[in-house]
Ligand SMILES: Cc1cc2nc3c(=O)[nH]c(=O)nc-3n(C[C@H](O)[C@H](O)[C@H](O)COP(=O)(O)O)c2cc1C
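Listed next as structure tokens is one chain, alone, in the form predicted alone.
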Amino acid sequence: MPRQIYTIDDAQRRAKSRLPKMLYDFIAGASGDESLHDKNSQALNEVRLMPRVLRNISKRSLSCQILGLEADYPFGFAPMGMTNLAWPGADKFMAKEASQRRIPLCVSTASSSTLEQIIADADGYAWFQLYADQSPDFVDELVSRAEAANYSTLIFTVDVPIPSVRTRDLKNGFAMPMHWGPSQIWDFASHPRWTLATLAYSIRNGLPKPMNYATSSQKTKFIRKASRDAADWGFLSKLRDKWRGKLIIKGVQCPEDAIRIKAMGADAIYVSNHGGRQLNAAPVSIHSLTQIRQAVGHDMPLIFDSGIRSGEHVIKAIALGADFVMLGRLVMFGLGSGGATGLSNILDVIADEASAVMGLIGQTQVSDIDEYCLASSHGYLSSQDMQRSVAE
């Protein structure tokens, strides 16, 4: 089938037409007036890269290494809960792409499939994301399950101590489990492609639900508005002692916090403002990245998300200090626009754009991309300086 997706905007438009409004708004929405969501991408758009010429860039490679993982691309899947709401079977589609492209799939605590099933489907290319959720026994069980399933890397998310206010979800009556009223029924009935596909999938596999909760021996129910305020410095210290693999701390924006996290033995810091879905008044994520890189030095791996909408954005984030980039909403838009095919198209778009941009700035390896690739790092000659240079 000819590719129908050439940009993230293409995928987003198609997803908006195919998905029930309630689910599209859940994916696309953010907190407050949603201004931070827009600022994240706008700030990346404003970054300028310096084109370099007369370089042999015929043999370019997007491969890189992150926390011992040899990845074919400098990007992976950010942790996202209930991805099967974007399209039935989304977890399996993402796991397949993770395996084939050798990129990490970050498995959410609230994933639509069990953490054991996803890492098996991904042939090991999966990391597990943990919330300090509801009860210590439930959290301890999740950590033990991740270890038993041979996860090498744990992502501890710390920027959701309490739920944010997301107006779109409130207006649409979005909740888990779903509440059914006339508006919700009409919303689903008016989007038959998604609804029929979900019904067919549910007959075979059951209705979409957070499976790590459903399969817990603690009989813990998923509560979307549950507080996760157990995530404090003491919790992190205990988790670092308990978890023997790589530990990433996600949702960090304050340089002082980053310095303390590094001192406590984390293996990487994940700079993110949750795509604008938590504190709408938080800093723009790419600005936090540059500040944290300066604070922790160049020996601390930094992972980045929030605002990424193109392969160009991926390269810009790396130039500004990221070692690896995670993709969030745009993955869900790909899934919503065309299931497995839409997801594959989106990943191809990002990879093709990243490779082209890398060549145009004269680079052939991801490891060579740094602040010197930024236009601002080269400085500018005044008109008088230029005339003097020519005269000399």
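Small disclaimer: the values here were computed from a predicted structure and weren't measured. All residue numbers are counted from 1 along the displayed sequence.
Beyond the structure shown, there is the form predicted together with the ligand, which is absent from this document and is the topic of what follows.
The stretch from 67 to 75, 187 to 195, 201 to 209, 305 to 313 that comes within 4.5 Å of the ligand in the predicted bound form, counting heavy atoms only, is 305 to 313.
In the predicted bound form, at least one heavy atom of M80 sits within 4.5 Å of a heavy atom of the ligand. Put simply, G32 is far from the ligand in the predicted bound form: not one heavy atom of it is within 4.5 Å. Remark: I27 counts among the residues lining the ligand in the predicted bound form, judged by a heavy atom distance of 4.5 Å or less. Put simply, S108 is close to the ligand in the predicted bound form: some heavy atom of it is within 4.5 Å.
With the partner removed from view, the residue among Q253, S113, T153, T157 that has a non-hydrogen atom within 4.5 Å of the ligand in the predicted bound form turns out to be T157. Contact annotation for 314 to 341: residues with any non-hydrogen atom within 4.5 angstroms of the ligand in the predicted bound form are G328, R329, M332, listed in sequence order.
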